[in-house]
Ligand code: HEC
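Next comes just one chain, in structure tokens: the form predicted alone.
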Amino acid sequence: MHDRKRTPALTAMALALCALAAGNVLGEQPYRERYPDAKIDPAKGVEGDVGFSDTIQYWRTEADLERNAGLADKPAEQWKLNWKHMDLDRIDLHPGHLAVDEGAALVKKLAARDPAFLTCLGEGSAEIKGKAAAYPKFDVALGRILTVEGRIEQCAKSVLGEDLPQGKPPNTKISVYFKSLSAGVPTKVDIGNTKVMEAYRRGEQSFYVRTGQLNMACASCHVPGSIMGHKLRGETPTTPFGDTAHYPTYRTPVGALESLQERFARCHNQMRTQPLKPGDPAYTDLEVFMTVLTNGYPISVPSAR
């Protein structure tokens, strides 16, 4: 038989347990080891590599790349070019170029169903040339940060009622096409926007926090004094400055087109940590951080890596 006299005590105990659980969720986050901060100044954009890896002298401009083209044939020094010698038409035709045509065809097909899809991509205009350079950006109407892939997903859903998830081939192909229309345009993420800078700081935290079975952070491979410039299995990590300019890219080791956030997930797998899905807010924040470090450097899509 239920004892009504015990009910208040049981209720009080339940409330106490709930409060304890809430404290764990809402209180201080558990301690996470952090890789030493490299003190990056977001206002410097891509020029922040001066005094960081100092490899920007080899790849900052077309003239620099041409003058240092010989490094591409030197395995121990090739990383200094930040793989920029593999952008655009510097290498033979690759599937990234084909993806541009496929993405254009997809946009045409979707816009034929409803022209509002194209004007959604262009934020009120059917002209999307040059606009990818400003992403990621804060969308006031939606109240959140959008990447190019996030914009594609949002427009397909809101205009056509169709799912074009980030990280899936149709979305990535449209992104390659969209970004190819900004090739040569300097990246210009708006660091004067408070919401963008809040995302930058969260992404910065993710960049330095160690995670996974190998207890590694992004910074473990991409700051001075780390593995940067040294062999890690079959790859040599480079500076993070200017890195987002070539995404989405055709990844020759895996034989597939890859968005930046898919690359984040692949890195997390290699770090033996649980990857997130492309489009996850944490990955969007990390993309903001990384793209701010590309500010001032021209978009180079399509590319191969």
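Everything quoted here is computed from the prediction, not taken from an experiment. Each residue number is its position in the shown sequence, starting from 1.
One more form of this protein exists, namely the form predicted in complex with the named molecule; it is left out here, but the text below deals with it.
The candidate stretches are 103-111, 128-136, 145-153, 216-224, and the one lying within 4.5 Å of the named molecule in the predicted complex by heavy atoms is 216-224. Only one of the listed residues (42, 279, 237, 275) places a non-hydrogen atom within 4.5 angstroms of the named molecule in the predicted complex, and that residue is 237. With the partner omitted here, the residue from 232, 191, 98, 76 that has a non-hydrogen atom within 4.5 angstroms of the named molecule in the predicted complex is 232.
Proximity of residue 260 to the named molecule in the predicted complex falls within the 4.5 Å heavy atom cutoff.
Although the partner is absent from this view, residue 270 contacts the named molecule in the predicted complex, with a non-hydrogen atom inside 4.5 angstroms. Contact annotation: residue 243 falls within 4.5 Å of the named molecule in the predicted complex, judged by heavy atom distances. With a 4.5 Å cutoff on heavy atoms, residue 264 counts as touching the named molecule in the predicted complex. Taken together, the three residues 177, 250 and 299 all stay farther than 4.5 Å from the named molecule in the predicted complex, as judged by their closest heavy atom.
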